[in-house]
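One chain is shown next in structure tokens, namely the form predicted on its own.
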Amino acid sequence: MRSLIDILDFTTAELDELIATANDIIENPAKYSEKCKGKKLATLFFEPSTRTRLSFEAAMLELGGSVLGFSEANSSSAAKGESVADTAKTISCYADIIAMRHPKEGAPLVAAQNASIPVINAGDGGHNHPTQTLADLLTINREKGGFNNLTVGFCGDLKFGRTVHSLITALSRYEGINVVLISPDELKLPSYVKKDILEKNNIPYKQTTDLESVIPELDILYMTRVQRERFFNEEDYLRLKDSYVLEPKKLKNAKKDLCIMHPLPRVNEISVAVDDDPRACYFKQVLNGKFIRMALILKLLEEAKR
């Protein structure tokens, strides 16, 4: 049974195929409106989410399917102590495909090992968020026409940011990628990501604490929020939460075709004054997330039939 737990579960050819399907859905929505008629998606969200959960639900509904599930652990049998494995086996009796978000790293993998239907990792702790990465890749593809020879800046919380880890991993397979890591010292990219992904794939990277000094060289600026829920210490969060705030004046030396991205939700790290800048792509990312999840659901259900 094919699932998506990590972005590396798909080859670059498969990623290109998903992006092509998503682009076709954007161009020809009516063609896909009944592709999942009679199919059910279970959304198992043990952790709060707005965009990811609703985009999965919108994706399945626009494919003609239906949705069931829960949006917090307290409303599931997990509150009674049911294991992830048993939940996955149970839901397999009711649905055709599962999208799961869980605060514990590895929980969607356990679900996939025990379910008899495809499982999509919709975010597991600080570890991985492959469908956000798919949304990011579709956005980059539509804005830049491809993935090769780009300088990508990641700014903010690079330590706990699962979207950052997943996107760096995905981009590492393309040619001519340069990475710029912009963060306070306490929120640097984990050394295992630098070693296992960047250095292993010979991807040039540099680290800095100063966003404005590097912004002129960026093709893509990927902003992230400092995540209160990943901190053990409130004082550390309060000290670091305003480390980087992107305002119009900071963009004066940026490229005219810079692509500004953010996985959302934002708190205050991008001023609302930037929203009207044509380079702001973060709400396009949200919409792209729905289309790429439609393509993913189609792919996994098609493979489950084989």
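One-based numbering along the sequence shown. Predicted model, so just to flag it, every value in this text is computed and none were measured.
There is also a form predicted together with N-carbamoyl-L-aspartate (NCD); it is not shown, and the following applies to it.
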> So which of 60-68, 260-268, 247-255, 36-44 is the stretch with heavy atoms within 4.5 Å of N-carbamoyl-L-aspartate (NCD) in the predicted complex?
Replying inline: 260-268
> Does residue 159 make contact with N-carbamoyl-L-aspartate (NCD) in the predicted complex, using a 4.5 Å heavy atom cut-off?
Replying inline: no
> Any of the heavy atoms of residue 188 lying within 4.5 Å of N-carbamoyl-L-aspartate (NCD) in the predicted complex?
Replying inline: no
> With a 4.5 Å heavy atom cut-off, would you call residue 165 a contact of N-carbamoyl-L-aspartate (NCD) in the predicted complex?
Replying inline: no
> Is there a heavy atom of residue 102 no more than 4.5 Å from a heavy atom of N-carbamoyl-L-aspartate (NCD) in the predicted complex?
Replying inline: no
>> Looking at 183, 87, 132, 139 here, can you tell me which has any non-hydrogen atom within 4.5 angstroms of N-carbamoyl-L-aspartate (NCD) in the predicted complex?
In response: 132
> Which of the residues spanning 26-63 lie within 4.5 Å of N-carbamoyl-L-aspartate (NCD) in the predicted complex, based on heavy atoms?
Replying inline: 51, 52
